[in-house]
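Quick setup: one chain, the form predicted on its own, written in C-alpha cells, and binding and motion questions come after.
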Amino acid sequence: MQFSRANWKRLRLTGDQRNVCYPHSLQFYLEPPSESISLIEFESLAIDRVKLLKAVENLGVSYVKGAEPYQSKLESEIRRLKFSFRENLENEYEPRRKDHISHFILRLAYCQSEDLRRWFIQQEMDLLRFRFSILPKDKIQNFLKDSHLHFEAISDDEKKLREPEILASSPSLSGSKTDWESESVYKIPFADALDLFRGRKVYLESGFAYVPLKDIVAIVLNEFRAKLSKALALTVKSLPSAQSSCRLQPVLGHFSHSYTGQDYSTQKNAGKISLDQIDSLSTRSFPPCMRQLHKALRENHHLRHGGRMQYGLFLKGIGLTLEQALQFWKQEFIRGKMDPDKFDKGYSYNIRHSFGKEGKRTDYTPFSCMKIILTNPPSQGDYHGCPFRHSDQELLKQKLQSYKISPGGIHQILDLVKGTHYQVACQKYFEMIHNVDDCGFSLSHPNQFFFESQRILSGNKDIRKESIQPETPQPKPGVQKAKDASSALACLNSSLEMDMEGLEDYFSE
C-alpha cells in the first residue's frame, strides 16, 4: 500500500472486476491492498475501523456473543459505519474495499506491542465470527476455498453412513431430525480440529474429523488467528519503513497508544485510598479476581509473583502510592514470619520497579480483563487469574455463595461461564452485588469495576480519575431501568463518539 500524495491514483473498476476483487463480505485478508490512497482517506478509514472494533469489544462484554441482541446491535453498527457484512447486497464494492484497506492500516498501528496485537486479534476474530454466522450456506464452500481452507463437505451417502457416530459425538446436533438433514458436515484433518477434540465435541475416524457446519466456525477462527498472528509478526519487521514517513509516523503512533481501552495508569487518585480502607473495599468494590487475591494474602501472608503483579498493579491503579504499597506488602509479609531485611532485599525492588522507579523506569499499568483471562493461567498454589475463567465450576459456585449471591443469580452466572462469556458473567456479578438491573457500561477492566462500584456506593458522585473516558449514566440502586434496543444502541453510539473525539481532533490539527 502506498501513501504518497503525488502519485495518488484511485482504481477504477467495473462490474466483474469489482466482484473478483472482493467476492465475499468477509475475508482472511491474505493479500494487502495495492492501490494508492491519500493520507486523508488513510486517516478516515483508520478512524472508522477503530470505531467498529471498539463497538465489537463493547458489545462483546455487554451481551452474549451470538445472541439476538448482540447480532442485531452489531449489524446496526456495521451499517452505520458503512462496512461490509452481508452477501448478495448491491453496491458492496466500496464497503468491502473500506473493510480491506482499513484492516491493513490498523495492522501497522496495532502490531507494535503484545497487548495491542492481542486486542486487535480478539476484536477481528469476533468480527469474523459475526460475519461467518450470517454467511449463506451456499456461499460457505466458496469462502473456504478462497481463504485457502481445503475443507470439503461430505456427500449425503457418506453423511448417512456415519450418522449415528456424528450425532453421538457432536453436542451441537442435539436438535430435531430436520436439523440433521439440512446440516452440512465437513471432513477435516484431525490436526485442524484439536480444540473440538479436546472438548470431546467431534467424531474422529482414520485421521479425519467430521465437523458439522455449526462447529466449523471454531476451526475457521483458529486458522484466522494463526494467519493474523503470523502476519502481525511480519508487519513489525517492515514497520520501520512506514515509520520513516514524517506524516505517517505520528498517525500510527497516536493509534498505537490509544483506544484499546482505559489503562488506569494515570495516578489522579494517588493517596486517596488509605491502607485501613482496603479490607472493607475488598468486600464492597473489588471484582472477584482481586477479592480472592486479597483474601489469600490476608490468610497466607504471601502471594506468588503472578498474584503480586496482578494485585499490586490493581492497588496502584485505585490510588495506592509507592510508599503505601511498600508498607502494605511489608506489613503482610512480616506477619508471615518473613524477616524485614529479607523483604527489603528480595521484594521491595520489584514493587519500586512496577511504579517505574527501577530498571527501565517503565510505569506498568494494571492488567485488563483480557490480559488476565488470556495470559499466565494459575497453577497449583496460585491465586491470580480470573475466577470465572480459571476456577472449577463447583469451587466458583461456593465462592459466589460466600459472596451472598442468590441461587438464581448463581445459576445465571454459571450459565454464562459455561458459554465462555467470562466478562459478561463478571458484569452480572457486579449488577447483583450493587442491586441494579443494568450497570450501564461494558466491563473490560478490574479497575473499571472498582471505580464504577465506588460511583454507585457514593451516590453517583464521580470519584473516578479525570482521564477515564465517559460511560453511560449509571442507575442508582433499586431503580428499575427498561432499555429498548434503540436506546441501548444510541448509548453505545454516543459512547463510541466520545471515545473517538480526541482522535478526530488530533487529525484535524
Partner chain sequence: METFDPAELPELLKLYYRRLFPYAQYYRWLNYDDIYIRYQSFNNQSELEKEMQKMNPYKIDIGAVYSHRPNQHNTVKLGAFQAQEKELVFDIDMTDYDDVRRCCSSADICSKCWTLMTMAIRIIDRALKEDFGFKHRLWVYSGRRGVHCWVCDESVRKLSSAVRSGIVEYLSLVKGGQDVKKKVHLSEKIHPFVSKSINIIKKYFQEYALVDQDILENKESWDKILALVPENILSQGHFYTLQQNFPKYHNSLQRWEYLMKAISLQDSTKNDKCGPCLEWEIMLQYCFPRLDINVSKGINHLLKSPFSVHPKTGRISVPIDLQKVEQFDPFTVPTISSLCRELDAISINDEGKEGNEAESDTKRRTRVSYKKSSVSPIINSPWIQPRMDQSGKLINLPANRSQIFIY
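Residue numbers count along the first chain shown, from 1. All values derive from a computational prediction rather than experimental measurement.
There is another form of this protein, the form predicted together with the partner chain, and it is not shown here; the text below is about that form.
Between the partner chain and the residues L173, L326, L281, L213, the one pair within 4.5 Å by heavy atoms in the predicted complex involves L173. With the partner removed from view, the residue among K237, K337, R361, R200 that has a non-hydrogen atom within 4.5 Å of the partner chain in the predicted complex turns out to be R200.
Stretch-level contact check against the partner chain in the predicted complex with heavy atoms at 4.5 Å: of 131-139, 200-208, 430-438, 302-310, the positive one is 200-208. Shown alone here, L167 lies within 4.5 Å of the partner chain in the predicted complex, counting heavy atoms only.
In the predicted complex, L194 approaches the partner chain with a heavy atom inside 4.5 Å. Taking the partner from the other structure, the partner chain in the predicted complex has no heavy atom within 4.5 Å of any heavy atom of Y403.
By the criterion of a heavy atom within 4.5 Å, F190 is counted among the residues contacting the partner chain in the predicted complex.
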